[in-house]
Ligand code: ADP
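Presented below, as structure tokens, is a lone chain in the form predicted on its own.
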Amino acid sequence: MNASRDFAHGRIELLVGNIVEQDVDAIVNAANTTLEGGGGVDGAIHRAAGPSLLEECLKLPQYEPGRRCPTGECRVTGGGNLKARYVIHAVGPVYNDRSAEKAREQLRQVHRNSLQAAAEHDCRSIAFPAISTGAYRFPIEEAAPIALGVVREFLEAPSSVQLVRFVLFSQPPFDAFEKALGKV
């Protein structure tokens, strides 16, 4: 199952699949602030990339003990054993009702920052997971239009990035993103 839509300077694609199998210039890792791997997408990327990914992450500077990337920001490493040349480690927000607006802005930031990092590394293609919608509990129906809206805005201006692919692990997230793509 897949869907796509063209914009002024690029294309958004949606598909159900495994992000570690994507043949793109960069994949986005839904990372935590330690950049030491974890569960879900983060764990899958670290396992597929091999130990060099963790070694490279551990060399990144810490902004406080044990933490290498604040929420809303990203860090770039090589892709290790992946087809992708780069992994963009993006730390999305943990969602809760009390700080929902802050979480929405951090989700916008992490997508913008990831796209900018891809452009700075001269990437033509990038694959995203549904950042923060798993263990971080961001409602997929809210996350999808935010993520797609940021990408649409980014693709309104020329850059090296011409393909932005959202790789969704199962049908329900795909359906939410497909519905949102129709409204972007």
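Quick note: we count residues from 1 along the sequence shown, nothing fancier. Quick caveat, the model's predicted, so the values are computed rather than measured.
Below, we turn to the form predicted together with the named molecule, even though it does not appear here.
Engineer: Report whether the minimum heavy atom distance between V167 and the named molecule in the predicted complex is within 4.5 Å.
Structural biologist: Yes, V167 sits close enough to the named molecule in the predicted complex that at least one of its heavy atoms falls within 4.5 Å.
Engineer: Quick check on I19: any heavy atom within 4.5 Å of the named molecule in the predicted complex?
Structural biologist: Yes, contact at 4.5 Å.
Engineer: May I ask you to state whether A30 is within 4.5 Å of the named molecule in the predicted complex, using heavy atom distances?
Structural biologist: Judged by the heavy-atom cut-off of 4.5 Å, A30 is in contact with the named molecule in the predicted complex.
Engineer: Any of the heavy atoms of L35 lying within 4.5 Å of the named molecule in the predicted complex?
Structural biologist: Outside the cut-off, so no.
Engineer: Answer with one of A119, L60, L54, A44: the residue that has a non-hydrogen atom within 4.5 Å of the named molecule in the predicted complex.
Structural biologist: Here the answer is residue option A44.
Engineer: Pick from A127, A130, I146, A49: which has a non-hydrogen atom within 4.5 Å of the named molecule in the predicted complex?
Structural biologist: It is A130 that has a heavy atom within 4.5 Å of the partner.
Engineer: Have a look at 111 to 119, 65 to 73, 154 to 162, 130 to 138 and name the one stretch with heavy atoms inside 4.5 Å of the named molecule in the predicted complex.
Structural biologist: Answer to the contact question: 130 to 138.
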